[in-house]
Ligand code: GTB
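The chain below stands alone and is given in structure tokens; this is the form predicted on its own.
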Amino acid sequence: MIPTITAFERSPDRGQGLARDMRVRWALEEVGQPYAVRLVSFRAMKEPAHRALHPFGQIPTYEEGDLVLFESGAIVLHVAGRHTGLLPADPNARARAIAWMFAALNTVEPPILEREVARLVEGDQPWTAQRLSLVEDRIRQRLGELSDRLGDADWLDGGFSAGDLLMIHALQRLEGSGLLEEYPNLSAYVVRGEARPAFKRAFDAQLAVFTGQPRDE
């Protein structure tokens, strides 16, 4: 059965691969699972039909037969658990890979998203500069810890896993900020992830949605 995921009809990331359906696309491409995509407008995301799939009115969602999932991390974990390629077979290594999935979403990504809120939503506030400085210090702390752990390895724990997939996608939001570039091994880590054929296929599929839409400007 081919699963169906939802994605932005007009993504605010303008096809840069940052919207969270990218994570699910990438995971499905890594395991070789075909999938269908249903594009959803911002208005439709808040309507009852979509909220029945995602109670918070967001994307992505995942439908496979009677199964409906929301939250990108949960969907990636489901895909990784159902197919080979994203979680190790060894039980201990598998548990560690899942721990890195949680670390990406719960420890590394939150201050990165907080920085985006400070810049894009609160940028006109008189306290923004001070808040942004504090947030970036917290990001540097996490990046330093992650950099130390990664060292000169290619991936976080042995071979590429769903933990790397989610961590790399979280770090991508810092590309061009100057913060990621302070840690050359993390910059190289992200580049390695982006070089994977499955990532490129997922990125191209998401970009095609944006380029296929009329431009606002």
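When you see a residue number, it is the position in the sequence shown, counting from 1. Given the structure is predicted, the values throughout are model-derived calculations rather than measurements.
Although not depicted, the form predicted together with ligand GTB is the subject of the following passage.
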item	value
Contact of Ala19 with ligand GTB in the predicted complex (heavy atom, 4.5 Å)	yes
4.5 Å heavy atom contact, Arg192 and ligand GTB in the predicted complex	no
Ligand GTB contact in the predicted complex: Gln172, any heavy atom under 4.5 Å	no
Close approach of Pro12 to ligand GTB in the predicted complex, 4.5 Å, heavy atom	yes
Heavy atom contact within 4.5 Å of ligand GTB in the predicted complex, the stretch among 145-153, 45-53, 184-192, 30-38	45-53
Contacts with ligand GTB in the predicted complex - residues in 38-67 whose heavy atoms fall within 4.5 Å	Phe42, Met45, Lys46, Gly57, Gln58, Ile59, Pro60
